[in-house]
Every structure is written in C-alpha cells, then in structure tokens.
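Single chain ahead, written as structure tokens, the form predicted alone.
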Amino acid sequence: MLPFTFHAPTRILFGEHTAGSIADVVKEFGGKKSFIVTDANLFKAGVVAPIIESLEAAGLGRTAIFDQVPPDSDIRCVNSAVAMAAEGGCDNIVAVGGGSVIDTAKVVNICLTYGGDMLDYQGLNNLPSKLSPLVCVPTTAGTGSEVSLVAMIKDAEERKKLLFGSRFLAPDAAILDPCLVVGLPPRLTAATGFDALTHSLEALAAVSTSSVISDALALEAAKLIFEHLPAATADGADLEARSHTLVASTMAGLAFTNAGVGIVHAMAHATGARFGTHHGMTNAVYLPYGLEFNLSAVPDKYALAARFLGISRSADDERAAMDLVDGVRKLMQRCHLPSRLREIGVPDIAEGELAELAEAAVTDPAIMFNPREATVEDIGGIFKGAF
C-alpha cells in the first residue's frame, strides 16, 4: 500500500432539527458574536430564523447577517461581506446555504482573520495559521463544501474562477440537518446530487492522490446517491431519502477534498465562469464524457465502482467500466436531468472562443488530479460531444 495523508478536521453533526442547537457548537469553539452568511431566498423563507434565535438566546449578542450571496459568488460579494463582518466586530462565522454561500463564508473568514485583500491568499497553501471559527449548515446536498479544504470564487471581470485551498480552510463544524433540504426543487435536488456523484467518481479515479479511506468514502457516497437520489428528486418531503443524499454529499466532500477531482470539474469551472451555468448541472452534463475520456486510464477503478453499485456483474474491467458510464446516463434520465450543454444555456460558440474555453479548463487546478493527461484538443472534443 502506498503512503497517504488524509485530512478530516471538521466535526460533523447529523440529525433532524440539529440546526436549532447551533449556539452550543459556536460557543464550544469560543465564538462570542456570529456573522451569518446566507442568501436572500433562504432568509426570506425563514430557514435562517431558528439559527438566529439559537445564537441570540445563548447570549452571543445580536448577530450580523449578510444575505446577499448570489448563486455564483464573486469578488464583489466577498468584499461587501468582509466590510460588514469587520464593522460588526464579529469573531466567528456561520454559513447557512449551498456551496456558493459556504465558499463565500470561507473566503470572508480569511479576510476577517488576517485582514488585507482576498487576492493575497488565493492559490494553494497560502494561509499561515488557523482561521476564526466557522460553522457550516448546508441547505443543499451536493457541494461538500461544509467539509472541504477549498473554496472557489468568481472573478467576473476576468471570467474565471479563483481557487483558495489550505488545510486551515476546513470549517470547524458541519451541521447536517435534513429538515433544511426538504422541499428543495426537483431540478436543483438532482443537479446538486450529481455534483456529489461527480466528486465521488472523480476522487476514486485520482489514483495518484486517492487512498483506501477516500476510496471507501467515494464508493459508499456513490451508492447512497444511486439508491436515494431518484426518490429525493421525486418527493421533496421524503426525509429518509433527503437524509441519505445529504450524508452522501458530505462523504463525497471528504473524499474529493483529500483525493482531488478532475477533468469534469475543470470543464465545469471553465464553462460556469464563462456562461454562468449552474455548477452541479454542468457537472452532470460533462460527467459521462469525462468518464469515457478516463476509461482507458482507470478501467479497474470504474469497474470496482460498477460492481459495488450493482450496475455490472462483468468480470472484464473494461466492460464493467463501460457499464458504469451507462449507469450514470440512466440515473440522469431517472432524475430528469438535461444531457446537453445547449439545454443548460450554453450557446454554440466559434472555434476561437472554444479554444479559450479549452485552455481555461486545461489550466484549471482541478485537472492536475485527473488520471489521464488532457490537451486543449481533447477538451474541445469533449465540449463538442456534450453540446
């Protein structure tokens, strides 16, 4: 067995209505005045209300609330939140929302802890010490941001994603309350579920950085998604299905934050930055094509997944690996997800712009973990096939 390092610093709490006891968690980490990061829809829907009540009832002072995180957070959003947190004298952050909200909270925490410009800390391993306490309450089951060591923020002017990655970026605690994902719209449920599935399958394929621990988490997360995502998509009130997909998302988050992702995420980052597509939806469209591209490099890993998921009984690795690709496409159909880029708002683009998009994907940090080297021509071919 090859040597490996595995990070799992985030405390994970799961259970119905656990979000209402968040004050106990914040106080345990030494927090005295919380800064809540969320989005306008969640705030208006009352999702954040029990969290505010818990914090204020515990004598943590009146919380400051930033509820203007967009679906694809950017530099301007982070800077606005940082200014509010600093003015309010906050010493800890509570993130309530999906991946965009949690990633925003992570980068706000960098600036709140160290001061200075967020751009000074972009890249990998540029954080010098532990950050202020951060507790995350995910309201979607897909991103795994509540346990990951990375954050992605959009640079709208440059039309690219900025990566922040460090072991210090991992949240102190993640509160998984399935009651908060009940009623999530079917299309969003399916898209975020496929984000988690992509995390699982790409982490499994990252042979140079994966381990027996990340493989185990990736496989079990994928199994939970295959078994429960159709039910969660079909019935928003199915608490059991919601619970399993929420836990699967966190497990996949632990897998990919240790092993990495790959070509699917690299292309999704480039496409999302340029065209504003939903990240989970974009991953879903690219996933079968990314699996096909990597099939020759990791047939054994894909075959392992296919057999574990009950998709294939073939003893031949290549046949079983192809069965996995087919199984992913069938799951997309069961969840009524689009299978083409043009169906999610990507326009037909000229060759010159396609080359720029491919170049952005080839230079995206996610692709360094892909098991097969990809060229600009390879990326262009996948884009054309997925269009």
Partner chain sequence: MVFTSSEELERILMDLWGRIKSDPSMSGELVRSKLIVQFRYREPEGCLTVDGSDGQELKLVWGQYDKKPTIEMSMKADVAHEFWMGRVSVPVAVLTGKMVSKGPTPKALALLPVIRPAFNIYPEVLKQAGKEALLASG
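Residue numbers count along the first chain shown, from 1. What you see is a predicted model; the values in this text were computed from it and never measured.
Beyond the structure shown, there is the form predicted in complex with its partner chain, which is absent from this document and is the topic of what follows.
Checklist entry - Which one, 113, 79, 314, 209, lies within 4.5 Å of its partner chain in the predicted complex by heavy atoms? => result When its partner chain is considered in the predicted complex, the option within 4.5 Å is 209.
Item to check | Candidate from 123, 299, 276, 236 lying within 4.5 Å of its partner chain in the predicted complex - any heavy atom | outcome: Going through each option in turn, the one that passes is 123.
Item to check | residue 257 within 4.5 Å of its partner chain in the predicted complex, heavy atoms | outcome: Heavy-atom contact with its partner chain at 4.5 Å: present for residue 257.
Checklist entry - Should residue 7 be counted as a contact of its partner chain in the predicted complex, where contact means heavy atoms within 4.5 Å? => result The answer is yes: residue 7 has a heavy atom within 4.5 Å of its partner chain.
Next on the checklist: Is residue 376 near its partner chain? Define near as a heavy atom within 4.5 Å, in the predicted complex.
Outcome noted: No, residue 376 sits far enough from its partner chain in the predicted complex that none of its heavy atoms falls within 4.5 Å.
Checklist entry - With the cut-off set at 4.5 Å between non-hydrogen atoms, does residue 12 touch its partner chain in the predicted complex? => result Judged by the heavy-atom cut-off of 4.5 Å, residue 12 is well away from its partner chain in the predicted complex.
Checklist entry - If contact means any heavy atom within 4.5 Å, which of 80-88, 124-132, 178-186, 105-113 contacts its partner chain in the predicted complex? => result Heavy-atom contact with the partner occurs in 124-132.
Item to check | Partner contacts for 349-368, taking its partner chain in the predicted complex and a 4.5 Å heavy atom cut-off | outcome: Going through 349-368 in order - heavy atoms within 4.5 Å of its partner chain in the predicted complex - the hits are 363, 364, 365, 368.
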